[in-house]
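Only one chain is shown below, in C-alpha cells, and it's the form predicted on its own.
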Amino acid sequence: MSYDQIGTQFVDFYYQTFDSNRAGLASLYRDSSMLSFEGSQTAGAAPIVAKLVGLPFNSVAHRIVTKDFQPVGSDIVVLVTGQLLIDGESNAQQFSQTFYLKNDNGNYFIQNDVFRLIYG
C-alpha cells in the first residue's frame, strides 16, 4: 500500500472516529506520542485521549478541505486543513492539523499531532 493510500485511510478513520467517539482514538496513540492542541502540550496515549474526550463541546463535525502526505523513510507526515462545526454551529471554524505517523512493523500510530484553529 502506498503512503498516499495509508494517509487517506488514516485521515478518513481519524476524523470519522473523532466526530462519533473520541475515546475510540486511543488505539492510534502510544505512550511516546505527543499532542500540541492550540499550543497546549500533552504526552502519552491516556492523557492525550483524556484531553480529546474532555474538550468543551458535545458534538463536532469535521469537513476535510485538503490532505497532503509525505513519506519520511517508512513513516508518513500528514497535513490536513478543513472546517469544523461545533455543537451545531452554522459558522464553521477553520483548522489545520499535522500528524507524524510512525511505522511500527507495518502498523502506524500517531507519534506527533499538532492542531491549530486558523483565525482571520
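These numbers were taken from a predicted model, which means no experiment stands behind them. Numbers follow the displayed sequence, beginning with 1.
Not on display, but discussed next: the form predicted together with a further copy of the same chain.
Q: Scan 36, 27, 59, 74 and let me know which has any heavy atom within 4.5 Å of a further copy of the same chain in the predicted bound form.
A: Here the answer is residue option 36.
Q: So in the predicted bound form, is a further copy of the same chain close enough to residue 18 to count as touching (4.5 Å, heavy atoms)?
A: No - in the predicted bound form, heavy atoms of residue 18 and a further copy of the same chain never come within 4.5 Å of each other.
Q: Looking in the predicted bound form, any heavy atom of residue 52 within 4.5 Å of a further copy of the same chain?
A: No, residue 52 stays farther than 4.5 Å from a further copy of the same chain in the predicted bound form.
Q: Is residue 79 a contact residue for a further copy of the same chain in the predicted bound form, using a 4.5 Å heavy atom cut-off?
A: Because a heavy atom of residue 79 falls inside 4.5 Å of a further copy of the same chain in the predicted bound form, the answer is yes.
Q: Report yes if any heavy atom of residue 103 sits within 4.5 Å of a heavy atom of a further copy of the same chain in the predicted bound form; otherwise report no.
A: Contact check for residue 103: no, nothing within 4.5 Å of a further copy of the same chain in the predicted bound form.
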